[in-house]
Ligand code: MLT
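In structure tokens, one chain follows: the form predicted on its own.
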């Protein structure tokens, strides 16, 4: 029988979509001709597209049908408008330097690359405001600015190939965040194209630093990972290039001393401290063994710190750094250290830090993680994963931005190892969430973290995000980046079914919220009718089903909301009249959602007495996995029992399961026939003994 986490692996693959979503059309020759008429033949690439359908790590590879290379926002608008009308799925792609598989296709999606959108570049030296197209490479922008005495406020290892539009879409962090802040502090505005039938071009924000005349809507696109639209230009502030840069590398014997050095650096170096980077001994070993990059310090230390200052007066800055280092040695915080006395030495230091990603790749296979944690837990995660993985891992390496709490934890093996994978996930992300961290610090969600995106996030926040995304997803699916699965976003079908689920399965008399729904006020009835009617209309837009019939259906559903069996009967009659393809979509969504939603709610309620919210989330994953891969109820309940026993002990686990079964039996008795109609197998699981 499959282990729980093996099924989680299967669930993740399912969420990446093992089957293509039939709601989206396939590319035809007429589509290519349409694209060529808008972009020109040279901008419609059908052959030799390997670099567009696979990320640089080669861990994520898709089967994109064509690559489009627009040069202007207007061309992007024409493409997205056309794709919306044709229901063609699109993957937005910038430099394709990401690490979470967020910008590559899964099936036959169209790849829309922004790398040729690089016509406009304007910089106002007086205000320090830059406006440029999304296709400019970060390093090229930085070099242009340095000619004027300015620079970009962030620096990345992929600066030679990443694009500014992609940087904004992923809210890139990098090594200068400690000094200049995140991109939220610099973004003033942007232009983006929505995936609707008009290919609406939005010009958000403004080039002035103070503008509070509206919601800061441009910040919604910052870190959105392509979910809302395609960014075509950016307006942001840049910073003066420093006249003086000092770098120093320190060897430290304990993580506690690393934190003490950071605290002292913030006090003594203050306004000139720009970077505080961290490498552990495993990172230094990987650099030496895999890349033949020797350490610069004479003595090997468990931890290495690379710090940088940026200022306007060399003598002043050098004196501050020397005094700081002297104090570190006098306090016994540092075992070894060297200060770069030339640009060449500084470059050697930064070569070590920036080569870490390549060094771990040479081990074979890398399980990469980009998380942020409160500083007391920053390295505790590494120690915990070494203990947890044991001999399965070849190397557990940590490097990252200690100054802002962002750790890049890399766990390697000679090749992909399913046992190691099952050991890591979701355990690692649960540990991060349980310790107050974020599972995505700067790399994004993409394909890798999509099953765990809810970890550490309030349900209400997730619902708000979905509601914000819904208006721009009525046309086509922008499948790239964060929520990568076709059909994984909220759409009219899902919205409608969520309403139905409340009506159908929310009939627990002990629940005050559901009691209120049984006796709604007129306002509530109207509100529910309007919401359901709108979603039904959206679902069947463009079909032969008239709006009057849908409005009438909505009235019937809402008027019988106190009778779940009647609601189900109404929907059954409605479904019988649907064409086969629409009937299949409805039935697939309807039955799966009812099973999972009801079971999950009951488990949350019953097990909340025994488990933390993250432990409950794991139990929910087990059920979802079991339903998805077709396990029977004995297998599902056995794995739940094993997980509960591991978490809370055998006695409490047996009590929790007993309460679960009893509770479900009570529900079945109070609501005769409802569960039979919903799912025969599910009804058996409730009534039969374990």
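Numbering follows the first chain given and starts at 1. As the structure is a prediction and not an experimental result, all values here were calculated from the model.
Not pictured, yet referred to below: the form predicted in complex with the ligand.
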Non-hydrogen atom contact residue 317 with the ligand in the predicted bound form at 4.5 angstroms: no
Whether residue 133 contacts the ligand in the predicted bound form should be assessed with a 4.5 Å heavy atom distance threshold; does it? no
Does the ligand get within 4.5 angstroms of any non-hydrogen atom of residue 280 in the predicted bound form? no
In the predicted bound form, does residue 99 come within 4.5 Å of the ligand, counting heavy atoms only? yes
Among the candidate stretches 569-577, 447-455, 396-404, 122-130, which one is within 4.5 Å of the ligand in the predicted bound form when only heavy atoms are counted? 396-404
Could you tell me which one of 186, 353, 159, 115 places a heavy atom within 4.5 Å of the ligand in the predicted bound form? 353
Selected contact from 348, 368, 71, 300, since only one has a non-hydrogen atom within 4.5 angstroms of the ligand in the predicted bound form: 368
Residues in 428-446 that come within 4.5 Å of the ligand in the predicted bound form by at least one heavy atom, in order, are 442, 443
